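Next up: a single chain in structure tokens, the form predicted on its own.
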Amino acid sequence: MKKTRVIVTGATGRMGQAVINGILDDPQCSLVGAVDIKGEGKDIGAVLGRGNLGIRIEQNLEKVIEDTLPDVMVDFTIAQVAKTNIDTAIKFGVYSVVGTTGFNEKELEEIQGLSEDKGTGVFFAPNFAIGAVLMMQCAKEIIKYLPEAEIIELHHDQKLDSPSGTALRTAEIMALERGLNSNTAQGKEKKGMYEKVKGARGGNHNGIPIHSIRLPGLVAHQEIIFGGLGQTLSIRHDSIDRNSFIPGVLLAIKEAPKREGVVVGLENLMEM
């Protein structure tokens, strides 16, 4: 069986290292390159404590692609860097699996256009934890019957963007299901309600309040609270270790390149 040749950008980051360990342990995948602005020249195996693998960390993504001829690039960096990485991968015909969040609408439109022009696909997932995907799919059903809901998302204090991509994606799915579209203006406060402290009610995305918490000790967590007449219903997902994302990343590496164009959401690769 031909192995999928993979390079990882953001290789020395916490998610990058977890992804590389997952790839190394998967018999259907082969790590062929590691890209990062840190640790240039070091063997990625030594960085991971797995002994030398003969794969040196490089900064120049184009050179790594030309030297290794990968099938897939996995990106866990930051939005500004990831956009350039994705553009480069598309140019060379390399499929991108992207876990980075924080892109603006213009950047996503540019990626979509470039993908269509070059015929090279891109996969985005706001969350690779399969449990988180199941949570979003449950929310999609619950919102039909309990349309009033709020989202609380909690992440480690090094996460740069808020709300999280998972929270935004969840709100969009819920809003669409209850009859709104993703371009709907933010919902208004109910009559008579006001904030004594600005922002106390959180942000508002498609009429659904989102509250973001950033604290040390957290990894990635989300709770959705639904309210109805005389009742509430809560669903919550907790990633207590970054290894929770690896099965989803490996699924995307193997299955996403079979799809054309830009695909968003792990649910599109699962038999839901």
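Quantities reported herein were computed from a predicted structural model and do not represent experimental measurements. Don't overthink the numbering: it's just position in the shown sequence, from 1.
What follows is about the form predicted together with nicotinamide-adenine-dinucleotide, which we do not show.
**Student:** Considering non-hydrogen atoms and a 4.5 Å limit, which listed residue (E148, D161, E109, E177) is close to nicotinamide-adenine-dinucleotide in the predicted complex?
**Tutor:** Result of the distance check: D161.
**Student:** Can M15 be called a contact residue for nicotinamide-adenine-dinucleotide in the predicted complex at 4.5 Å between heavy atoms?
**Tutor:** Output for M15 is yes: heavy atoms within 4.5 Å of nicotinamide-adenine-dinucleotide.
**Student:** Please check if I37 has a heavy atom lying within 4.5 Å of any heavy atom of nicotinamide-adenine-dinucleotide in the predicted complex.
**Tutor:** Yes, I37 sits close enough to nicotinamide-adenine-dinucleotide in the predicted complex that at least one of its heavy atoms falls within 4.5 Å.
**Student:** Using 4.5 Å between non-hydrogen atoms, is T100 touching nicotinamide-adenine-dinucleotide in the predicted complex?
**Tutor:** Looking in the predicted complex, residue contacts with nicotinamide-adenine-dinucleotide include T100, since a heavy atom lies within 4.5 Å.
**Student:** With the cut-off set at 4.5 Å between non-hydrogen atoms, does P126 touch nicotinamide-adenine-dinucleotide in the predicted complex?
**Tutor:** It does: once nicotinamide-adenine-dinucleotide is placed as it appears in the predicted complex, P126 has a heavy atom within 4.5 Å of it.
**Student:** Tell me which stretch of 169 to 177, 195 to 203, 137 to 145, 153 to 161 has a heavy atom within 4.5 angstroms of nicotinamide-adenine-dinucleotide in the predicted complex.
**Tutor:** Contact-bearing stretch, as computed: 153 to 161.
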